[in-house]
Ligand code: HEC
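In structure tokens, the next block holds one chain alone, the form predicted on its own.
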């Protein structure tokens, strides 16, 4: 239990220090430091005040339906998750608020006190989806505290009642742009730059383990050819401004970034994996694990030999945080997974590549469930573990025949 709690506190402490830099073309200084969405004064010019002051995604969906439809399936929409909230009773509401710096960042989303935090456990059990997927403003979900919607539209686009976003399509004009909706908005190119994502996806060097922060995505990107060629995070994770934010949990997204080649080299079988279209380490975080298996069969389908490798960054707490191994692929890097000598009666060799997106979290949940927990918290962690098990998938399977 202690190791799990230390991990949570360490991550939350990082969140307090993460601020996105601005290129000063409209984005407020310290945009992600204690972001406040709702203004203290209401713009009376708008007819429907329920939409003006409502920071819920259902309200945004009344006009921005395409963005909402993509977002509602994303990890951002489910950032306020059972696996996160189930850990909070053992941490206290102050440390829990530190976690919300990335999982529900708005000031309006923070817990007011310990009672507020405790109440959310039962609420999340009743409403595992923190928003109305039909964008119904009168639904029970739309009446939930805003934190249940996770990283919602307002987290990125609203500060003090003012709207911010990228320049209009096919137009580089920045600054305040007039318009009928919201009294206009402030256009800034920062929304199209990788640094905008750094507030949650780049941990500070001061919390590095073996020289590297636990999440080092933006730095990894800066060191890659993607950065030198001007390909930003949004180019892959928000193509054509689609708010889906796909990543390691999406099979097609991962397949699009890797190249697989099978070949025989004498009496060995080789699988070559190349990180061809991924602008950071694969995987970039400590939570996923990629397993590679190989099996040699005879002509009757009997397994004669097996091999196993993993692509992962593994850390553990042993009198301090330590890196056990870092076997990830960097951008444009290839790695050969080679079997030992193949036996004479082998007919074919099969390779399998499996992705376990939540491998680290599974261990955290299992450790928590082995200890004492509040009943509601236990139910949330049990759900989180069951959900994590469903996220595993087979990425690649290939076969080499031996005459």
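Residue numbers count along the first chain shown, from 1. Values in this document were obtained by computation on a predicted structure and should not be read as measured data.
Heads up, the form predicted in complex with the ligand isn't pictured, but that's what we're talking about next.
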Fill in: Stretch from 121-129, 81-89, 292-300, 261-269 whose residues place a heavy atom within 4.5 Å of the ligand in the predicted complex
81-89
Discussion item. Please identify the residue among 378, 64, 335, 350 with any heavy atom within 4.5 Å of the ligand in the predicted complex.
Written reply: 64
Item to complete: Could you spot which one of 101, 273, 144, 209 gets a heavy atom to within 4.5 Å of the ligand in the predicted complex?
Response: 101
Practice prompt. Please state whether every one of the three residues 304, 307 and 354 places a non-hydrogen atom within 4.5 angstroms of the ligand in the predicted complex.
Written response: no
Discussion item. I'd like to know if residue 169 sits close to the ligand in the predicted complex, meaning any non-hydrogen atom pair within 4.5 angstroms.
Written reply: yes
Worksheet item: So in the predicted complex, does any heavy atom of residue 346 sit within 4.5 Å of the ligand?
Response: no
Item to complete: Flag residue 59 as yes or no: does it have a non-hydrogen atom within 4.5 angstroms of any non-hydrogen atom of the ligand in the predicted complex?
Response: yes
Worksheet item: Does residue 320 make contact with the ligand in the predicted complex, using a 4.5 Å heavy atom cut-off?
Response: no
Worksheet entry | Residues of 350-388 having any heavy atom within 4.5 Å of the ligand in the predicted complex, listed in sequence order | 361, 365
